[in-house]
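The chain below stands alone, shown as structure tokens; this is the form predicted on its own.
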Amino acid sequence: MSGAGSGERTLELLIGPQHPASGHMRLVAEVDGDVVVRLRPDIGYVHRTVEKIAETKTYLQTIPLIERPPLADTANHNLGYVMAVERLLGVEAPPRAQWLRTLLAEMNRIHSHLYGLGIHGIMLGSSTAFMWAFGDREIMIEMAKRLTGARITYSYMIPGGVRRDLPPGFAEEMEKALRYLERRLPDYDRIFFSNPVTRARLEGVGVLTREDAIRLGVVGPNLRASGVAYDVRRARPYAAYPELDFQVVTRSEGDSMARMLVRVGEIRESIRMIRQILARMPDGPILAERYAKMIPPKWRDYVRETGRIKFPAILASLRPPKGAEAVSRVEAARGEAVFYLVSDGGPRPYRMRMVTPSLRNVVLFSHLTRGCRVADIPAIYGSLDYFPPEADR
């Protein structure tokens, strides 16, 4: 507690930064007793300068940079960036690659939502919810490792396609994983979602009205929990989403409980989509013909036998036309992510801009905490699934 606030009755309360690994962010609250008069998020503690560094890297080298800020949702951001690069180049990934991209994106959505639910659980004091969610997210992490060769930061999507095809037996292993998660969700409901303590902490707390959600430009589950059925996968379909049957999960309450339950509903929808993808995925190449024909002949048998791409040299020095601009939008796990690229004709982006869902949603800290109790701050924070590195970039 530090000094006095703006009024005689208020005090300034400093919360954070206190993450043991890197620091996250600080909340500066002005309180009257235990009532929050106003709260300001002090962000920027984990700024990675991704946009500026991208100007010094090739288009291919920028892919790993893009994946660092979102951590649990690397695939969706990887996809958004690569789509923008492809629009600069005028190239399109073949159908099978589009379905493989969508597969990993939905696997990552499950992983990210479980990560967020676990963090929310520990913020409410439920170590069981935290340990369960972090344990169960390992299922999707291991399946992603089978597909991509990496656990978290995959760099799987590349301009014109993907790095690897499905490994043998993947569909059967994935079905076991999905059945396990379906069996687990009722357990979460009994221990956490329907727990009277959880409901008392979340229901009616941090209510975001439909009108305010639209006015503030909120995105993702936080928007849909206030009754707005906006989802980029449905509004501006990309990859394989036009071919998939899925529901946009919404709720009308707009409170912290609704935001949590929308994410639970989206886990179920992602399970449905993954099954559809594996059942209906088309055959064919995983890299655009423009680049596939540039693979040296000595590597073509390797590619055919292993399903792994050996990069043609052109991918290391892509040069989109001078003055070309491109914008892409994807529905990442935490909401809409936007990427903007400008080319000066060289091998590196002249300008790269990424607008992340956490950056769009940071306004909710001030908006939802006004008039709440100090003890409600972590309940609201956890319900937003806000990830500071993703906002700071």
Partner chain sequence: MVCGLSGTVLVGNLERSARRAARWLVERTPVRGIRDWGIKFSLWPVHFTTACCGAEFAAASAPRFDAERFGFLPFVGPRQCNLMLIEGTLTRKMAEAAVWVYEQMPEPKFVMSMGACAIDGGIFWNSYNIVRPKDILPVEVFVPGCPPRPEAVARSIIMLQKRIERGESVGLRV
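Numbering follows the first chain given and starts at 1. Being a predicted model, the structure only gives us computed values, none of them experimental.
A second form of this protein, the form predicted together with its partner chain, is not displayed here; the remarks below concern that form.
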Using heavy atoms only and a 4.5 Å cut-off, determine which of Lys293, Arg236, Arg151, Arg280 is in contact with its partner chain in the predicted complex.
Arg151
The single option of Val338, Val46, Leu27, Met352 touching its partner chain in the predicted complex, heavy atom within 4.5 Å:
Val46
Might Pro64 be said to contact its partner chain in the predicted complex, defining contact as any heavy atom within 4.5 Å?
yes
May I ask you to check whether Trp99 falls inside a 4.5 Å heavy atom distance of its partner chain in the predicted complex?
no
Taking the shortest heavy atom distance, is Phe134 within 4.5 Å of its partner chain in the predicted complex?
yes
Using the partner position in the predicted complex, report whether Leu216 sits within 4.5 Å of its partner chain, counting heavy atoms only.
no
When its partner chain is placed as it is in the predicted complex, which of 324-332, 357-365, 56-64, 339-347 ends up with heavy atoms within 4.5 Å of it?
56-64
If we check its partner chain in the predicted complex, which of the residues in 115-148 reach within 4.5 angstroms of it by a non-hydrogen atom?
Tyr115, Phe130, Met131, Phe134, Gly135, Arg137, Glu138, Glu142, Lys145
